[in-house]
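Form predicted alone, single chain, as structure tokens, below.
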Amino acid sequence: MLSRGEIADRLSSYPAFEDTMLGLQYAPRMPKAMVKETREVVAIARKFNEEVARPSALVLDRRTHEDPDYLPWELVEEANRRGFYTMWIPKLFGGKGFNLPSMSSFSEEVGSVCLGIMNVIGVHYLGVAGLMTSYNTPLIRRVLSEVVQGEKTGKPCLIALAITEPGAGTDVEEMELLEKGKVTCHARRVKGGYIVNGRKIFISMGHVSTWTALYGYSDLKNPSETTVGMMVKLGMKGFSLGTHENKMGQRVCPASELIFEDCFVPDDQVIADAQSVRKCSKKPLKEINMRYMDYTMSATRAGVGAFGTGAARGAFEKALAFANETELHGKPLINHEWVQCMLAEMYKNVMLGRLAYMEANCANGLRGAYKLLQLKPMYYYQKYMPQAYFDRVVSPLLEKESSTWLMRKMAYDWHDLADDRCASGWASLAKFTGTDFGIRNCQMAIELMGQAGLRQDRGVEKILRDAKLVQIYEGTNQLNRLNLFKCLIAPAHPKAKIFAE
């Protein structure tokens, strides 16, 4: 039996109450310029919707049915021309440096029109996140400088992230499950680098990306402690592209198979391995690898929650338009109380999805991966210092090994585990909340619209096809529920065992 004092101590450290106040805690610490900046991002997204996304969403969907091998080069070039692939890269690395939470608002806005088009833009930042959260500053600078240069020259340079394998999907995102998955991508240590053999599947934008953040394992029987992150470039010997999936939804964004056959990756393209992280931390490798995965997914799962909220909003807007233009029993459909109740429920789903991903972003800004960039001094330093200063003064410092050491020390040794759990748990909450609402609103829209909702030209059936995918990537919603339990509930309950079955 626990003593009364022990119970009080345990409850006082239990995160549930404090973690419902993230926005309230973060508001006074948030740089005020972020609000104006986010409004600017939403305005940019709306202009893109009117000029590109809305006119082309259904056209591109039909085109991919007629030609399953279609790749969206024109769309990528347009996004590159508008600066979307550098918009959320920090100015430290040559990007425009927009605040990272604003990307969620952009994702909802564009996603409300077409999730496939949004993913053509947004999944690049999954690759960026996989690279950035490695804290390998020389390699980050090298790769991101090519992205920036690609915008200037009009030759897009995108980054993909490759972790999913034929025998291991969601498993690879949790170290406890990684041991149970059947990973086969082997990274064998040789002089000067690694030789990689294996396949990755369902890699969004793999056929279109210049760089890929690739994860292999030096010991396939012990992958959670032997993860090797590498940056591979299209055209490298031993790296080839297989097929891309003939998907049900988000068809304009290819999901690719990547094949590695004796592909040599030199040391200067290794993101992180056991040898390099050991220089910065003495924590167990399994814990370090889980933290690295959490840093990446805490940022990207909040964004997928915004994708799902965009789908929920798109379905709501389609249903609302239909109710306004349709009559039933001699009066506008929108004037029937049952319709008003359905539309109110759909509106509620959009608002709650939005609140969830915004709260997750507050967790990232207050206690997670965005914390350093959104501290007021750092935020305003980046915002107002000229780019030439970063190029001439800061960039040379990022080439030093000590920069990597310091950043990894901050991430792995000096970052509180409770903060990590808070950000990861809220990111999972936002992910499954927003994406489940996206599916629910699509179902309600079709129910309200009847057979009209099944017509391709009405757009709702496409939103439903697109939305189903967001329940699956960035970890299935089942995994995200378990991650929420692990991060926000289980710490106060020592008898709780995660992934025990």
Partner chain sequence: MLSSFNTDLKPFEELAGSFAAKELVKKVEEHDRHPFGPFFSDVLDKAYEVGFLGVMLPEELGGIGQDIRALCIILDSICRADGSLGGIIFTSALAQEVMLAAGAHKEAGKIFSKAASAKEFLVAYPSFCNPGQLVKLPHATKSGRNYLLTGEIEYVVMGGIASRALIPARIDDQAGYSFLLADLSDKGLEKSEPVFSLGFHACPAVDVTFKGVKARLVGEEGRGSVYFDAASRKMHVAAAAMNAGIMKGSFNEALAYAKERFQGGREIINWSEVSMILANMLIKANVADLCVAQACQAVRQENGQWGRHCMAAALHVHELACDATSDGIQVLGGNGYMKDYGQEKRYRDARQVQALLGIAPLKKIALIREAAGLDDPCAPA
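Numbering follows the first chain given and starts at 1. In this text, all values refer to a predicted model and were calculated from it rather than measured experimentally.
Form predicted together with its partner chain: not shown, discussed below.
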| property | result |
| --- | --- |
| Site test, Asn49, Thr86 and Asn289 vs its partner chain in the model of the complex, non-hydrogen atom cutoff 4.5 Å | no |
| Position in contact with its partner chain when the complex is considered in the model of the complex, options Leu397, Leu328, Val190, Cys341, heavy atoms within 4.5 Å | Leu328 |
| The unique member of Pro138, Gly238, Gly150, Gly169 whose heavy atoms fall within 4.5 Å of its partner chain in the model of the complex | Gly169 |
| Option from 49-57, 22-30, 465-473, 35-43 whose residues, in the model of the complex, bring a heavy atom within 4.5 Å of its partner chain | 465-473 |
| Residue contact check: Lys247 to its partner chain in the model of the complex, 4.5 Å heavy atom | yes |
| Close approach of Arg408 to its partner chain in the model of the complex, 4.5 Å, heavy atom | no |
| Contact flag, Asp69 vs its partner chain in the model of the complex, heavy atom cut 4.5 Å | no |
| Leu177 within 4.5 Å of its partner chain in the model of the complex, heavy atoms | yes |
| Sequence-ordered list of residues in 58-91 near its partner chain in the model of the complex, where near means a heavy atom within 4.5 Å | Asp61, Arg62, His65, Glu66 |
